[in-house]
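A single chain, nothing else alongside it, follows as structure tokens in the form predicted alone.
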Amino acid sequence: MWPFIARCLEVATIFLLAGIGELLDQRSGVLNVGIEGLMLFGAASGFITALRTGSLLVGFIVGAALGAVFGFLHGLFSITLKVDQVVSAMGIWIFAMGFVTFWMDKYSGPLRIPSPRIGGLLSPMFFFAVVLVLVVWFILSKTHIGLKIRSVGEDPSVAEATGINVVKIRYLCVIIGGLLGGLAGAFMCITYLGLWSHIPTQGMGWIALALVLFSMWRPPILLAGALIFGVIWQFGIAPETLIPGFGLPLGVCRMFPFIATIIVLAVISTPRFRRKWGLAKPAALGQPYIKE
């Protein structure tokens, strides 16, 4: 049971790192649907760096740095050049899919570098992710910079009139969001999987995106959602660990996280839900800011 719980918490760590980065993006008004691409770049660069250097830490740093670079590129296209945010992010995701398929599949196999785990089971990165969620919640709710981020996401014209640099705030958020997306991918490949396989993210980035919507842009709800989906994801991979002799085929079980994601998205898309919680969505989300 405890190994299963530890693996669930590590999956939740991946969702938390990627999700809290996307939440920052969206609170500033920038939509990045290419989280899966950021995670793939972070996973590929982190894995190959750890493989070549023998250092997990250096792998994490490089994976996070490359995620930040592509977060910046998304900002360049969507903030400065005013490209449609969905198109820009999808371009990054498609490029990542092609890049890792062409360059990384030849490295398929285990990393063979032991990762530190508390009690031999749980990565300390889980506690880092939880603390990060609390820090982001505090920043957004209780600090001046958090007020600036929320203001830019709600009405950038008014924020600019009060002296807030909208472009600077949005770039800050997309770079940090990209960094966390890359770190999530590096952690997934280096620690959770400990190997490289073809497209190792397997849709995790899309679930992280759905969790941000599910959380109604509130970090504590994102934390709860990541824990729930961590259990669903791990159960879908190894149901027999929790229920010996579980009868459904593994292929069906692997669909559970995505079925749950569809259900969540269907619920939050209903008119009743939107009437009650619609105000939680940043009003300027997905809209380019054109200074008058």
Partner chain sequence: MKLPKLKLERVLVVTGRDAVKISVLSIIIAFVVFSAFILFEGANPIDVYKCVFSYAFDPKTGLPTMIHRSTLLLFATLAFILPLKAGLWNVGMEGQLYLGTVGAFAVAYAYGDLPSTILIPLMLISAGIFGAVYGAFAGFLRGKFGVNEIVITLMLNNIAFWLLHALIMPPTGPWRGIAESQSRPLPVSAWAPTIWRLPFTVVLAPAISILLFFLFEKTRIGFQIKALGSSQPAAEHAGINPAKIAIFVMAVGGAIAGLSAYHMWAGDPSFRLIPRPDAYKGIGELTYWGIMVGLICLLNPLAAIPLSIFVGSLREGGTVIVRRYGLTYGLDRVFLGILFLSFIALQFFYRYKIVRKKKA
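The shown structure was predicted, so the numbers you read here are calculated from the model rather than taken from an experiment. Positions refer to the first chain, counted from 1.
Separately, the form predicted together with its partner chain exists; it is not shown, and the next lines address it.
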Quick one: which of 97 to 105, 159 to 167, 141 to 149, 111 to 119 gets within 4.5 Å of its partner chain in the model of the complex, going by heavy atoms?
97 to 105
Indicate whether Ala210 is a 4.5 Å heavy atom neighbour of its partner chain in the model of the complex.
yes
If we define contact as a non-hydrogen atom of the residue within 4.5 angstroms of the partner, is Gly194 a contact of its partner chain in the model of the complex?
no
Trp93 versus its partner chain, in the model of the complex: is there a non-hydrogen atom within 4.5 Å?
yes
Interface membership of Ser215, its partner chain in the model of the complex, 4.5 Å heavy atom rule:
no
In the model of the complex, the one of Ala238, Met255, Ala224, Ile232 near its partner chain [non-hydrogen atom within 4.5 angstroms]:
Met255
In sequence order, the residues of 250 to 274 that place a heavy atom within 4.5 Å of its partner chain in the model of the complex are Leu250, Gly251, Val252, Arg254, Met255, Phe258, Ile259, Thr261, Ile262, Leu265, Ala266, Ser269, Thr270, Pro271, Arg274
